[in-house]
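Each of two forms of one protein chain follows alone as structure tokens, named structure 1 and structure 2.
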Structure 1
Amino acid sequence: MKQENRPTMDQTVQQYIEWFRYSSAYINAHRNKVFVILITGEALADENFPNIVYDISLLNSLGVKLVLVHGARPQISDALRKAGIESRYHRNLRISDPQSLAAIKETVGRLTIDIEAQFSLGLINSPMHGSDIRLSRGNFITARPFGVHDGVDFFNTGLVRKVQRDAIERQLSQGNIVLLSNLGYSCTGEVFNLSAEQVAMETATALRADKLILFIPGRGVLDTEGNLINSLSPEGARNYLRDHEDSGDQEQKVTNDALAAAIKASEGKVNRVHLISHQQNGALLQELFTREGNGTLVSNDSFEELRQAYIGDVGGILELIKPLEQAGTLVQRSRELLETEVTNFKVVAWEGMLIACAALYPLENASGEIACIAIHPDYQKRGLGRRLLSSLEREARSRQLERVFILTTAATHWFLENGFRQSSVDELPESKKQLYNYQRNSKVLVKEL
């Protein structure tokens, strides 16, 4: 029988130790920071919700100040259906008429109590043992009516009017987790049904939270091919939302609501908004305690630093180009050679790790060669190749070069799309022509600057 290549117990323990050591930097960075976390009604209903509770409890144990906001959209719809009450919507908002409001209050109250019960779990064989978590809830959200729009009265559907910031901060300073729901209260004693996304966004903005974390069904924001988009600027998020706002898919609607909240939170000076899956076990921890993350980050920050390479980058460059050398796409370079050529390289770093590189080699006759473009597999399809290419072309112009050449065996079309034209060995500068490897039969492309 064929043996499976499974890690041994010692290997598993060693991997755990290395991860724990690696995560210490993030533990220190997150301590005493304020995180607002939205747990949608869909997340509450998912079988993975107990694991989310465990992970949130761990954050609390590590000194993170937490505000939880829970929704109840599918639970309310289910309660109204069972009561024989039609769910009515306008402008993508539920109409909370007096008949519906009683069921809404009952449903939200039950969910809140169930959440408190989950965080009170302390069995000796559970991850919650010894955590002694205290949840605090109250009338922290002041609301106002949404009003009448297009002739439609929304009754007790409301908007956030004010977040009682000082009261919430007092609870956080005592080590309590603040629990908010999608209900708000008016100065006249009325109860309003709010969007949980808006409650989370307004709370994060009022508290100047370090992070707003939004649970969604999928693993993050996906491109048209189903690939995860690791990071978005607010402008990129707006463009994505514009392209997907008419989707009839329910999961996409939940993602759209979260993305709209992320954009508004970014405008409200919440610098980092994370969209992660409520279905994936450990997604929250992976997003917060690993460099690669898990979902989609919406931020005004540019975490990808494009800069000149220096001698300390040689090891990272070798790691990037090694798979391409093994595949025969790039010519092999030794460490010694790279150390002498490193000033020709530009690199892109993500939180200290090199994720892309490329080089410009000046040649005679006002020419240069762009070479060694390599991008880490986990960071492809993010436009890094074009950024590097544009940067090297700008540098070539600053050096008074008139044209740049590319020798490639696998990326001819990509370079043609970026303004290069096919050329021949005869057009290469003499020094490069003498070194041309006819056995590799690389395509020659040129771009006039």
Structure 2
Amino acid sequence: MKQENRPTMDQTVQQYIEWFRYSSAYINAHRNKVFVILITGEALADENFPNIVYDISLLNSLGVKLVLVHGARPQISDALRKAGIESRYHRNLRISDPQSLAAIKETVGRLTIDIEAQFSLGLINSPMHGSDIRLSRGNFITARPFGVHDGVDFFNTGLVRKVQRDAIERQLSQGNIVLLSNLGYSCTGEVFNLSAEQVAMETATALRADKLILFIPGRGVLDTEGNLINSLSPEGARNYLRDHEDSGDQEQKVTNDALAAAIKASEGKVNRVHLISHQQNGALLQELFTREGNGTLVSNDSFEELRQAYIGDVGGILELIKPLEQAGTLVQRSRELLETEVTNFKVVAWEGMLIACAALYPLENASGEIACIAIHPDYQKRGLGRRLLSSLEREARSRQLERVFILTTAATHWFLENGFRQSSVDELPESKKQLYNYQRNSKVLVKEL
């Protein structure tokens, strides 16, 4: 059949098919893997929670072995307030005295039942129709008392003593989702109020989980400019915590608690810890099934830190691009020019050294230009170029740009392989067209976003 006679397909359907094909690699990669997911009390209370339930159910249907850990912090505070019981804290930990414990047990029990109900939803017009999810819960977490500190008795506030790994694994092998809460049980038959972050972290460590996923509020872990931080080494996460000490802001506190758990989990050999916004519809799926992601990965593997550049990076960028300028691969940029344009750059740092950079320049007509992409020769072919490009494309999208151009003399094929198509000087926005250097004769490529 000739091309022009082929039936045309609705563009949305086409995109959907493309996306579905594209995600198959991720589906295969995640099958039979163990993920521990922390759903904080804040996430449970959010209007997006039903969507999180759908997405978790989908993971279960795709063969991911799931352990869910739910928290109850804001709900417990509410319940205590309503019961006229004062919430008492010491060292940032709730004191679970006998009076509070009754309200804590009641609140957590109610939340657990509500979660079970949500996962049982199978109405014909719901995304979970036919999913047949089985949740399993029990005394999988053994606890011990936190004790008396600074003369303060914490009563039934506890710490995780042991995770019943074999029992959890038996449930997972049967395809059940294991549901844990922030309550643990002691050998003396007592109930202890634990930190849900600690339960999630210890469970992921005990199971040697492939991923620990922690839901956090807001847009995610952001740098000082408000940009999402895509990845952090445990060392980078420690630095972040040092720079973002608790300021009394509740969202920041939840994020910091999650980061502290992520650091501990990385020390416990959980290699991939994802911090994902609980407020964004589909953030979990985007993080797990797209290259761009939608959260912050804390990993020992990704020791490189991708971040927004700031003025202190100018020296490092100059050093990185000098050999490429000398070879004629990149156009020359003076220190002064870089100082004014540095906020357009993203960089990848490793142990304080810049090993990669790239810039995004917004142009007219919802267009942008990606420029000055450079990976240090020792760090090429490790996916850094691709990660930088994805990060700039995501930023371009968030700035409502519809396409990005690239002018290149040396890496045409690399850009073609990364979704760009051949374009021409004529297609460039006017301001860029006028500056086009015919002597340099760069190839013009474009990518629709």
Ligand SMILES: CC(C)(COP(=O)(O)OP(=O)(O)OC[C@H]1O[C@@H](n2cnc3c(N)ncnc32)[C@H](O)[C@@H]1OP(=O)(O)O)[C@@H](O)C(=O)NCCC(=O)NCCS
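The model shown is predicted, which means the values in this text are computed figures rather than measured ones. Just so we're on the same page, residue numbers count up from 1 along structure 1's sequence. Superpose the two forms; the largest set of C-alphas matching within 1.5 Å is the rigid core.
Structure 1, not structure 2, is the form predicted alone. When two forms of a protein are overlaid on their rigid core, residues whose CA moves 2 Å or more are considered shifted, and Tyr26 is not one of them between structure 1 and structure 2. Core-superposed comparison between structure 1 and structure 2: the Cα of Thr409 travels 2 Å or more.
Annotation for Leu388: C-alpha shift of 2 angstroms or more between structure 1 and structure 2, rigid core superposed. Taking the core as the fixed frame between structure 1 and structure 2, we note the C-alpha of Val331 moving 6.1 angstrom. Core superposition gives Ala371 a CA displacement of 10.8 Å between structure 1 and structure 2.
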